[in-house]
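Shown here is one chain on its own, the form predicted on its own, set out as structure tokens.
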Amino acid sequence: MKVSYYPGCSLHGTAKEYDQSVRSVSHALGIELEEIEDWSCCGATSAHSTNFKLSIALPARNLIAAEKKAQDVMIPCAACFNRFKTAEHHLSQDPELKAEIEEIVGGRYQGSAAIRNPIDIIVRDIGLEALAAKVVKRLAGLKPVSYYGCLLLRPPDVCRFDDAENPVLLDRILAVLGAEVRPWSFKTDCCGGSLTISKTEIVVRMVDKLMEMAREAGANCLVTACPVCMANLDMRSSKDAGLPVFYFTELAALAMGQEGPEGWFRLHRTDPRPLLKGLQLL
């Protein structure tokens, strides 16, 4: 299976372990990633707050570039995914806006490239049975809660990705990897997002609440697919409040026996290696 790949800015910087683990897992599952040529920033997270047309033009430029190949677009970053889906929604609903954006960008938008998240592709295209067949080390003893955050799911009529109130696809992936997924009702609660810079104290309170609720659910870690959520969960919990946090692809690579996970884990502020070594997973 071939897909166009849009890493976005975070996966080339602060979330490089997400990029590397997405590539590792994709290779193991037979997903060939073809990075979009000359891709540029999608505008997350600030463009939509400053200039609506700019917030549509930035992802539209990348979508037009992706449409040169007749294949889906994989977007791991939740913020990028949301901006692409939002642009797709407005361009499909507003012909006048579409014409104006095409003039600004200098290309024609066809709407032919499906915007996908790796969770979606793994479950619906590769299949959980195929994923299970690649598992060589079941994640026994790991008790994660799945944390989607806001941007993969909302607004529901735009993202159309998983159940907006009780998403389950990430739970299903983690269960196949051998983890004991804990049920909780905070999968889609906000972590504070980009307020982490301007209103840090608010984000600390929000993250501490999530950590408290994860512990109450019996979890020993959290799993996400969003670089913004990862940064906040991993860095903004108050002293001694935090649990280890993983990108789901890091755990998938670990379960499949891929090279790289221990190096990725060293990049986390809350070191997950003691937990994994205690469970004899490292």
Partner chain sequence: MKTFLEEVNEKINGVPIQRCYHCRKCTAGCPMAFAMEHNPNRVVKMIQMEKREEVLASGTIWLCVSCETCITRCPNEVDIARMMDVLRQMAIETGVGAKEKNILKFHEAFLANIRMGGRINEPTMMVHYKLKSGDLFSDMAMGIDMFRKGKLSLISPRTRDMKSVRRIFEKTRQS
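These numbers were taken from a predicted model, which means no experiment stands behind them. Numbering follows the first chain given and starts at 1.
There is another form of this protein, the form predicted in complex with the partner chain, and it is not shown here; the text below is about that form.
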property	result
Location of the partner chain contact in the predicted complex, chosen stretch of 110 to 118, 97 to 105, 173 to 181, 130 to 138 [non-hydrogen atom, 4.5 Å]	97 to 105
Position in contact with the partner chain when the complex is considered in the predicted complex, options A66, A44, A214, L254, heavy atoms within 4.5 Å	A44
Interface residue in the predicted complex among L151, A87, V145, I122, criterion: non-hydrogen atom within 4.5 angstroms of the partner chain	L151
Interface membership of H27, the partner chain in the predicted complex, 4.5 Å heavy atom rule	no
Residue contact check: S92 to the partner chain in the predicted complex, 4.5 Å heavy atom	no
Contact flag, P156 vs the partner chain in the predicted complex, heavy atom cut 4.5 Å	yes
is_contact(S194, the partner chain) in the predicted complex, heavy atom dist at most 4.5 Å	yes
Partner contacts for 1 to 34, taking the partner chain in the predicted complex and a 4.5 Å heavy atom cut-off	C9, S10, H12, G13, T14, K16, E17
